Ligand code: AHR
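In structure tokens, the next block holds one chain alone, the form predicted alone.
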């Protein structure tokens, strides 16, 4: 009997060991605390593409509110009756306004109607702040009848909210009224009638400028604020760094249309509009009315960084227009001399003063007047975006050298260009090392096959010299350039390599960040939205699981079975959160088969508590949409342990995070 029992136990043990050997043993060396994981390790990158700013994160609901779009200053508006656009308005950098004259008949009307950004999204019982700068040049009182309408309503009345504003001054004044929506509607419009005091269409004149409509319930209640649900989605990521404002808009199709931060601060009424570089990039998804209002400007970027707990990382122009759109045309760029590049050097140094300077300094005073007397504590500055070759290297040397001399405390970020490998990439890294930049910005929008080939990309990177900033990256499937679970699982696997190599990788930001479902030009994207709803992609939850479980230090993590390059398999990394006394293991199974995993925490006698968070991407084509935002989301449960080890099964195409306490 004893022999039989022994044989049975031995068979069970051998079966278990055989199954483990066939799959994976992951050994965590808990007593060998490794490199720190930087607070900036996992962050976000913002660019005004896919209507990410106006029509997206920036909560303004009126398109072309200051009549500054070109060549048609009424783009976004329908004018009816007697409307003329003049150019001698109260705001120097936004001089255009609409001159309204009564139609000359009691049954005819003059006014304006705005379409918003793919309509105007309103929520039932929510308040909206309508404002307008207006005057009556002849001093005779006029009334503006302001309506929120459903143009295609089957009700008797198109309008469902109406307020009247009396304009009585010959001088420009701002008039404001709060409008409460009695319904939820995603594609409303704004309509304004010119009336006399009796609400009739009589004789009269009224000038209107900077017509605005904001929800009162913005992120943190700011009047010139962010759309609350989209800003909340950023906060929930727990980002460590926030890179802004781009991207290719930093360069512009030509230097005249590059993003200029000094135009984006001060009173919003006097921030000039700018042509968006993405307006004309793709003829197959073309948006001729895609401009930048600069309502979401550098002050708002810095403030949002602070409020979501991320280090601000502005990117400024190095004196070059977009190389993709101009290639190597010398005439497209600023001549490479100190004198010609001085305005770009000044932009960098003045920005540092705007962010960090004393409230009595020239640019610090402007920040203080805008509502933030305390410094924003800027530590990083990127100079140039996704540029390459001698054009970039020579200009960066001049600009970065001058900035370093004035502000040695600021860490400078350069770029290796748009390629993830190859001649230009190698030349870029060589130049960045020679110039001793602090971080090198790498970009890679690549297919699944590339990600499989690069799972160990940073294992053998040089530990000396500049650190890595994976500034723009995303994975897509062949023939499926959209967000779906199947591609996201490879991003999760790739990120184990970022984490294992925290000694050399100090920042990583997925891109692009936002996309309007009615106005996108590029995909995949991290967060999708329409006028009322938001959908966090599966990739969003991958990023969140890393950022929310970042830990403080890397732990050595060895696997019994190593996945060959370019093949599906098991990928893992481990960190410790010293402050919480918590060990965190991330494991990704890119195969389609279930795998047995044996995790041993070498150095621990026992584990008091263990939890597992699972992101199941096995339904390969499934995605989160605004109609079905929770199709693929993480699920958490407690798991059993034995002494200092955990035995579990990870399903095919799953990403799990295991968290244990001593």
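Residue numbers count along the first chain shown, from 1. Everything numeric here is computed off the predicted structure, so don't read it as measured data.
Keep in mind the form predicted together with ligand AHR is missing from the figure; the text below concerns it.
Peer 1: Within a 4.5 Å heavy atom cut-off, is residue 623 in contact with ligand AHR in the model of the complex?
Peer 2: Output for residue 623 is no: heavy atoms all beyond 4.5 Å of ligand AHR.
Peer 1: Within a 4.5 Å heavy atom cut-off, is residue 445 in contact with ligand AHR in the model of the complex?
Peer 2: Taking the distances in the model of the complex, the answer for residue 445 is yes, it comes within 4.5 Å of ligand AHR.
Peer 1: Should residue 172 be counted as a contact of ligand AHR in the model of the complex, where contact means heavy atoms within 4.5 Å?
Peer 2: No, no contact at 4.5 Å.
Peer 1: State yes or no: in the model of the complex, is some non-hydrogen atom of residue 49 no more than 4.5 angstroms from a non-hydrogen atom of ligand AHR?
Peer 2: Although ligand AHR is absent here, residue 49 would touch it in the model of the complex, with heavy atoms inside 4.5 Å.
Peer 1: Among 211-219, 245-253, 494-502, 132-140, which stretch has residues with heavy atoms no more than 4.5 Å from ligand AHR in the model of the complex?
Peer 2: Of the stretches listed, the one contacting the partner is 245-253.
Peer 1: From the list 514, 344, 278, 571, which entry has a heavy atom within 4.5 Å of ligand AHR in the model of the complex?
Peer 2: Residue within 4.5 Å of the partner: 278.
Peer 1: Work out which of 67, 45, 601, 58 lies within 4.5 Å of ligand AHR in the model of the complex, going by heavy atoms.
Peer 2: Among 67, 45, 601, 58, a heavy atom within 4.5 Å of ligand AHR in the model of the complex occurs only for 45.
Peer 1: Spell it out for me: taking ligand AHR in the model of the complex, does every residue among 261, 317 and 353 have a heavy atom no farther than 4.5 Å from it?
Peer 2: Negative, none of the three is within 4.5 Å.
Peer 1: Pick out the residues of 518-534 whose heavy atoms come within 4.5 Å of ligand AHR in the model of the complex.
Peer 2: Sequence-ordered list has one entry, 522.
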